[in-house]
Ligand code: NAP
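Here you get one chain, nothing else, as structure tokens; it is the form predicted on its own.
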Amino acid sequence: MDLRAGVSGHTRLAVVIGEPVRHSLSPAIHNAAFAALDMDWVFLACEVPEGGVPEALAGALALGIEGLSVTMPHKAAVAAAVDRLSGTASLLGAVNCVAREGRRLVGHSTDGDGFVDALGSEPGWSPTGARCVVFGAGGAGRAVVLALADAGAAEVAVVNRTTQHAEAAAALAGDRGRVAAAAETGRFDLVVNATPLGMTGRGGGALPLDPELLQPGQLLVDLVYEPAETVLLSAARERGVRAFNGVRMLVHQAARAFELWTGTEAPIEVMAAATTEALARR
């Protein structure tokens, strides 16, 4: 469907809100999915200033917007403002997806499920029974810790510069969670970088962990996806470690949101191709 030709009075709308938000890949991902399934939907990016979440949500409800993706810095503010939270969003105190149910807005967190779905695309790998370590205790790290525990991981350790934050994140995994030291990295099956280190424009050449700690047979997931090949990914592969970047999680969390809004199975391969194409244009 040609979006410009197909938009009509019947077209349904979903948006992403954030500040800044014009760089978001969400419009490319979701509009590609709508077009592939010939759905009369359009996805737009809407800049919402900090402090503007209550007005934005009220406007979305009044206008009948079907769904919202939520990016920084609004995830906690949206969690506090929606009518209801999913269990996961309530535990995390953060929302990255809002679905409209009649006259009520329901907040969800699809990041963790998206991460586990991304792991499922790695041949022969499952988090069930795995020993996992997550570097970073921010929003992404917390979502990953909770999701890994829910997926049956045997152990979920957290490494973070601030011990208090590491303890809070590890607590999300219950009795399988603990705080770890970076020196322990080699004993885990799964290593996750949930920090922004390595991202274009963030941290220069800094690394979240010493690649020398990695061991063949491990799986490394670097949630950074710009650049596509981080220094950490390259170093891991040189050591015989399977590794992939954050694009898979980005696509799968978007697919989870798509399905919440539309009730339709998301076209994963189309969304992944749109993401790759959008990143290549930058």
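Residue indices: 1-based, along the sequence shown. All values derive from a computational prediction rather than experimental measurement.
Another form exists, predicted in complex with this ligand; not displayed. Remarks below refer to it.
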With this ligand left out of view, choose which of P211, P196, P73, G93 has a non-hydrogen atom within 4.5 angstroms of it in the model of the complex. P196
Among 139-147, 123-131, 172-180, 79-87, the stretch whose residues bring a heavy atom within 4.5 Å of this ligand in the model of the complex is 139-147
Looking in the model of the complex, any heavy atom of V224 within 4.5 Å of this ligand? yes
Given that the partner is absent here, does L250 sit within 4.5 Å of this ligand in the model of the complex, heavy atoms only? yes
R100: touches this ligand in the model of the complex, heavy atom cutoff 4.5 angstroms: no
Within a 4.5 Å heavy atom cut-off, is H165 in contact with this ligand in the model of the complex? yes
Within 147-162, the residues having any heavy atom within 4.5 Å of this ligand in the model of the complex are N160, R161, T162
